[in-house]
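Presented as structure tokens, the chain that follows is alone, the form predicted alone.
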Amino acid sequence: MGSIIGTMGCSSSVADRKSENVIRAAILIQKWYRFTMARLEMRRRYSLSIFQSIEYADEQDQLQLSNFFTFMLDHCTHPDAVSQIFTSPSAPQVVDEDLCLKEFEKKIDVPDSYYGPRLSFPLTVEDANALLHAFRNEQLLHARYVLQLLSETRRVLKEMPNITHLSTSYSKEITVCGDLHGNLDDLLLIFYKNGLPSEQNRYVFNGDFVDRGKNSMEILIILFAFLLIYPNDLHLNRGNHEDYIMNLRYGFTKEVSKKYKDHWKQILCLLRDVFSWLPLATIIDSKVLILHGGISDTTDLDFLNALERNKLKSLMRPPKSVRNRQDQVKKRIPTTKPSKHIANQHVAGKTQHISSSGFTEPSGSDLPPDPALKEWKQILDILWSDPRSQNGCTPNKCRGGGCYFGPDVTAKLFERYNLKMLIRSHEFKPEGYEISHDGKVITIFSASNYYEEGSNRGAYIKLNPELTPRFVQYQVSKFTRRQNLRERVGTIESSALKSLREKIYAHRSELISAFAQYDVNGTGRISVNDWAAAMESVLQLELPWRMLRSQLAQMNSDGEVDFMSCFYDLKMGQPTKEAQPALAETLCRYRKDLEIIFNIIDKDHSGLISVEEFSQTWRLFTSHLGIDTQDDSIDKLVLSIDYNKDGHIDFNEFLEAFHVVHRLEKKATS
């Protein structure tokens, strides 16, 4: 009996040990899994931070570029060459305000070979369905119908107030969508999941329909068609990208010119007007304010509702009275070159205040109040601002326009107008939405895969009569379903680091100078802390540089960074011996800007401009931005690529030579 009990006890202890081993193994696997997931999430987050920081830095550059556009439009020695797209009254491409639908029919032929949708006005639901079917199959709508649609859209928008008031009592729910940015697949997926707009299925689209994506035109056509069919049930707010100068930089102008080679200038002229007539905000049940960007401590909804919104065709080109006022301020204040991140500074004993709009004026200024300035700043703030968790209202230093507004600013506006919720867009969110300010502010972003395939979800909001928000998330997935999580994160990380390396190379000279300040002995090596400080001082991207160091620069056994290794994997596209290193770097940095400017000058859209136009534009550009380059060096460079010596150059080919090439394309690893 004793031996039997002993045997049973032995078996029990063996089973216990096995059970303990299983538990230990499970705990180890769980720890490994959690560590792996945390590491992947960290990589995903810093990749998205890189994308967003570069995007905001690009918007700051856009504001600087907008001043140059204004300068060119006002002072260029060949105004017909530069401003013909938008300002020349004699240009036959400009669409007459009084052109009616019948006149478009007479002026523009639709050939029998055209197999796309043929629209007749007033539009019906069948027309809208035909458009959806055509765009799913990558067909274009003929230019005649585009112009007719835009003309009718302008007519309807002109009848609408600046702030639209809606009520949930007329339908069960209202759907609110955020930025689409030319991603047609997102719009089609929203309609598939949520149904097409109708009297029973009402929508508010909160701006930024265009730019960045490749199907901005198709999105506008679909939204405008449903607006004409259901003007009381589909509502559109203006975003900061419904702006013709923004469109020059971020792709929409180029998209239209490629898709409508014969009528692109007419379409863009009409769109400039249509954008200016888009309502500025929507209020639901007198409680929910919907606008694109945000608010400031001076936001006045009554003032916004009363101003003439169509006067501001572009917020990037302030009214002339505002520009004259800025010139007066410059004359009164000694010239300085402040950091783009400094909001307040002291000049000659006076405090120089930079408002949320970026307008600089000394405190206690005796300049008289300017109504145009107030209108411009009010609209700029609601289209460009972002919420933050800290109280107060400060200039939006990341974007360069609008402001950061805190919970106290939100509470103050809500108290004044008896509101309970602010829905805004304008800002990328990984999950498609974000709730802030104790649930009072909701950000909704509807463009999935915004930075890269798999980078984020899109979302929309459904508001019921109790005004309780319900979020619906989605993600268009063409390739990501075939990838596991590690592969998806690797793709996002690789793309983000590629963009960052290009940014680094474009500031090569400045970075080397910054590194040299820490390298007092000329060893070519500095500490990680010094390397990170130098990177931030030049690039000002507010990134976790110490964490990124292993991806960007090599470190020796002593823990010092070989700072020149930042540039080892990069080179210029097709180096030309006539291009001095400093000139090549400048062309690389401003390549996007120059492409936009040269496309404006290229009147016949041939891709060719004269050597003289090129040189003159370059001198104006460098003079305006304070770039120190030698005139003869650019002249020699331009002449060297006039291969057939006919006095013209292919500027796209020229600029392509100054893009950054990644010599060793590193694939993301765990």
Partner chain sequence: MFLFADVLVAEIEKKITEAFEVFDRESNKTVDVRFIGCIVRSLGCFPTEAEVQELLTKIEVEEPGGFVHLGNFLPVMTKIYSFSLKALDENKCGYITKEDLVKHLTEEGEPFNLEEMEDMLAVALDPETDTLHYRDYRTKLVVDETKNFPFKVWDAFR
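Think of the rigid core as the biggest set of C-alphas that the two forms share within 1.5 Å after superposition. Positions refer to the first chain, counted from 1. Keep in mind it's a predicted model, so treat the numbers as computed, not measured.
One more form of this protein exists, namely the form predicted together with its partner chain; it is left out here, but the text below deals with it.
> Would Met547 count as a contact of its partner chain in the model of the complex, using a 4.5 angstroms cut-off between non-hydrogen atoms?
Flag for Met547 set to yes.
> If we define contact as a non-hydrogen atom of the residue within 4.5 angstroms of the partner, is Glu41 a contact of its partner chain in the model of the complex?
It does: once its partner chain is placed as it appears in the model of the complex, Glu41 has a heavy atom within 4.5 Å of it.
> Wondering, does Leu28 line up within 4.5 Å of its partner chain in the model of the complex on heavy atoms?
Yes, Leu28 sits close enough to its partner chain in the model of the complex that at least one of its heavy atoms falls within 4.5 Å.
> Even though its partner chain is not shown here, does Asp185 get within 4.5 Å of it in the model of the complex, heavy atoms only?
Asp185: no contact with its partner chain in the model of the complex.
> Let me test this: is every residue among Trp277, Ile284 and Lys420 within 4.5 Å of its partner chain in the model of the complex, going by heavy atom positions?
No.
> So its partner chain isn't shown here. In the model of the complex, which residue out of Asn464, Asn129, Asn529, Asn232 has a non-hydrogen atom within 4.5 Å of it?
Contact residue from the list: Asn529.
> Its partner chain isn't shown here, but in the model of the complex which of Asp273, Asp569, Asp300, Glu434 has a heavy atom within 4.5 Å of it?
Spelling it out, the residue with a heavy atom inside the cut-off is Glu434.
> Given that the partner is absent here, state which listed stretch (455 to 463, 538 to 546, 189 to 197, 111 to 119) has heavy atoms within 4.5 Å of its partner chain in the model of the complex.
The contacting stretch here is 538 to 546.
> For a quick check, can you give me the residues of 389 to 415 that have a heavy atom within 4.5 Å of its partner chain in the model of the complex?
Those in contact are Ser389, Gln390.
> With a threshold of 2 Å on the C-alpha, tell me if Met555 counts as moved between the shown form and the other one once the core is superposed.
Yes, the C-alpha position differs by at least 2 Å between the shown form and the other one.
> Taking the rigid core as reference, does the Cα of Tyr518 move 2 Å or more between the shown form and the other one?
It does shift by 2 Å or more.
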